[in-house]
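Just the one chain here, the form predicted on its own, laid out as C-alpha cells.
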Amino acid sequence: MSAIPLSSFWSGLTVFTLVLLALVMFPPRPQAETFISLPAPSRQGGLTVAEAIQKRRTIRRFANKPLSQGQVAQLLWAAYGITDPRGLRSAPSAGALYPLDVYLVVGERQVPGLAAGVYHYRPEKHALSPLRDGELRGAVARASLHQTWLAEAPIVLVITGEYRRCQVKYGNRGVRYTLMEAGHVGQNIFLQAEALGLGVGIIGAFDDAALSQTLGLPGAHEPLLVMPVGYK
C-alpha cells in the first residue's frame, strides 16, 4: 500500500477544516414551519352547556358529509385553544404546563380548503401546521385495532401527551395529571361537537407505536385518545 503524500494529507485536512468552520459559522437554516390560519372561534352558541350534556352520546356511525373549516376551528379551539390573554387554555392543566398536543386527521375532500393529511394544532397561533400528506383515516383505523367505523368520519382528532412537561414540576404524579387533562379535552370536544350538531366517537384501544408511525408523531408525543368527528 503506497503512502499518502504529505502535501496531499495537509491539503485534505485544510479543506476539511474550512468546511467544518463554515458549518459552525454559517449553520444550515432549519426549514421554516408552515402555518395554516384557522377561522376565529365563536365565543357564543345557541346550545346551553346543560343541553349539550343532556344530548351527548358516543357515535359510531357517521354521515357522508364534509365539515367546514369553521367547524374544525371551533372544535380545536374548544379542545385546547387559548381563552385568556395570559395564555391560559380551554382545559384545566396542572400548573398551567399544558402537556398535551392535538392532531387533526383530515380525509380526502372532507374539509374544503384543507388537503387530506395530518395536521398539528398550534393553539398559540390558532393555526394548523401540516405534518403528513395523504388519506390516512384507514391507516388510523387499522392502528386502532381495525375499528373501521372510525374511517367514516370526515376528521379524526388525536390527543397526545408529553409527560415530561408535567413531570418537570410534579415528578411521577405528572403522568396522572396529564391523563386527567386528556379527559378534560375529550369532554370539551364532545360538548362543542354537540353544540355544532355533530357527533363524536372515542377510542382508547390502539397500537401506540403503529398509530404514532402512521401520524408521524414526535417520539415524546404519546397517543392517548382517538376521537372521530362528523355528522351523525
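What you see is a predicted model; the values in this text were computed from it and never measured. Start at 1 and count along the sequence shown; that's the residue number.
One more form of this protein exists, namely the form predicted together with a small molecule; it is left out here, but the text below deals with it.
Chemist: Indicate whether I203 is a 4.5 Å heavy atom neighbour of the small molecule in the predicted bound form.
Modeler: Yes.
Chemist: Give a yes or no for R56: in the predicted bound form, does one of its heavy atoms lie within 4.5 Å of a heavy atom belonging to the small molecule?
Modeler: Yes, R56 lies within 4.5 Å of the small molecule in the predicted bound form.
Chemist: With the partner left out of view, is Q147 within 4.5 angstroms of the small molecule in the predicted bound form by any non-hydrogen atom?
Modeler: Q147: yes, in contact with the small molecule in the predicted bound form.
Chemist: Answer with yes or no whether R60 is in contact with the small molecule in the predicted bound form, where contact means some heavy atom within 4.5 Å.
Modeler: Yes, contact at 4.5 Å.
Chemist: In terms of non-hydrogen atoms within 4.5 angstroms, which of the given stretches 61-69, 203-211, 43-51, 172-180 touches the small molecule in the predicted bound form?
Modeler: Heavy-atom contact with the partner occurs in 203-211.
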